[in-house]
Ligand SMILES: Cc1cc2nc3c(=O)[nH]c(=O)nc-3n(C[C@H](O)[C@H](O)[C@H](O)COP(=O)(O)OP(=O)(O)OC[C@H]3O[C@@H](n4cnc5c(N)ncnc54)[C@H](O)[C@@H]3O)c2cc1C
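Given next, in structure tokens, is a single chain: the form predicted on its own.
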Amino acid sequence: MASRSNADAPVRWAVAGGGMLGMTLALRLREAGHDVTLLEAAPGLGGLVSAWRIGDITWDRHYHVTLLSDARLRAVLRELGLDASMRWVETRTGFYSGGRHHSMSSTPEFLRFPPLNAVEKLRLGATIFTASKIKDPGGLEQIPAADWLRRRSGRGVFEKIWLPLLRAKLGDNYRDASAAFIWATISRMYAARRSGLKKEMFGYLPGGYAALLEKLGERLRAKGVEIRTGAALERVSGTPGGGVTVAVRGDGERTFDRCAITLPAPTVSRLCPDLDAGEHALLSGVRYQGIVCASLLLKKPLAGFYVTNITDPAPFTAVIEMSALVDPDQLGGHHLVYLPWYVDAGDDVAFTEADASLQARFWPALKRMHPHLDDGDLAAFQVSRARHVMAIPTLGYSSKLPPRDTSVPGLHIVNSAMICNGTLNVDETVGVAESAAPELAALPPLAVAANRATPARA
């Protein structure tokens, strides 16, 4: 990593947000010799990758998977001595269509896939292959995903396969998503396969992300990063004398030389009133998809697919059978299933629906899909909700982002909305931190910066 330019003057940094992005950024800034305070509103670190207790086990609050190609995440795992502990498993992908389960985990299964005729299969395969070969997706940002898929795959494939999948991930927002979203999705999953439409190799860390967060937290503390959890921010503002003042609810204010805020765009706009009107407009223009995700502990397995894509009507948007990847011994002998329901961040009704109400809708639907289940097989049902999960990649998305270095001297935005032409996953968020860290680490204290030319905005 590049060294900071003012080696004799450590910069006092606040990093707001203790998810994987914020933790990685805090570590890199500290390794560059700066004084770093990491602020997280929740009781513990991790953000979207945090763990929780369900039934008698502790596992990830939301589902995550590591691919062999996730180079940036795996580099962090190696630093922490964890990569050698990763367990790599061949997984299967299923579709639930026409009231039946179909496997699409190999070339022969793809060729037998009943919902599509021979021509449709050929066009679907050609679409996936073509997308996997595109090196520069910039031009796809200007093309609606639905238009690109209809043209490439044909109306039949679009209606039977792509449209249900787009609705599952983006809801009605799919109409505004660019074809770069499809390219990014296909590119990442294609990289997980050995060749063509063959087998997938996915990985998990024994103990789940809790094991990674514990090790990374230990590394941060050992390096001298001050970690403050339960620190909900009220305001981040510039100061007349230079620097950034951070107000924490119930704990007063502290002034730092610089602050990197890793929170979602709407939260940044709310917490940082000193930003200029153009920056507020750009932040407000980033639209988010949220998630209501049920975790179920079952006494029986389902169909053995890591992911089941659903093209029939259902109250959830996919079935993630985590125990098709993770050894049930890691889960107390149970089978862990996630039922995600992706919704618009502004859908207040979805985020306020009670767990019992969701269970009354989700559990019967899962039993219809898997008739071998009965009520005695449900050991636990628990719901996690997150309003700002993924920034929707709208047309021309990369040209609409706010700058990293803002109009408030010393205030920098480094969040997952800056993932351009990619999909939201842990490897990408680590990549955002790793990309920003060298340039941020080279910035001097604001008093020094005042005597220099204003840094170019990212």
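Please read these numbers as outputs of a predicted model, since none were measured by experiment. Residue indices: 1-based, along the sequence shown.
There is also a form predicted in complex with this ligand; it is not shown, and the following applies to it.
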| property | result |
| --- | --- |
| Which of 211-219, 230-238, 133-141, 367-375 sits within 4.5 Å of this ligand in the predicted complex, heavy atom basis | 230-238 |
| Contact test, all of G18, A41 and V426, partner this ligand in the predicted complex, heavy atom 4.5 Å | yes |
| In the predicted complex, the residue from V65, I54, V408, A391 that sits within 4.5 Å of this ligand by heavy atoms | V65 |
| Contact residue in the predicted complex, from F381, Y342, F158, Y204 (heavy atom within 4.5 Å of this ligand) | Y342 |
| 4.5 angstroms heavy atom contact with this ligand in the predicted complex for G47 | yes |
| I310, heavy atom within 4.5 angstroms of this ligand in the predicted complex | no |
| 4.5 Å heavy atom contact, V76 to this ligand in the predicted complex | no |
| is_contact(R167, this ligand) in the predicted complex, heavy atom dist at most 4.5 Å | no |
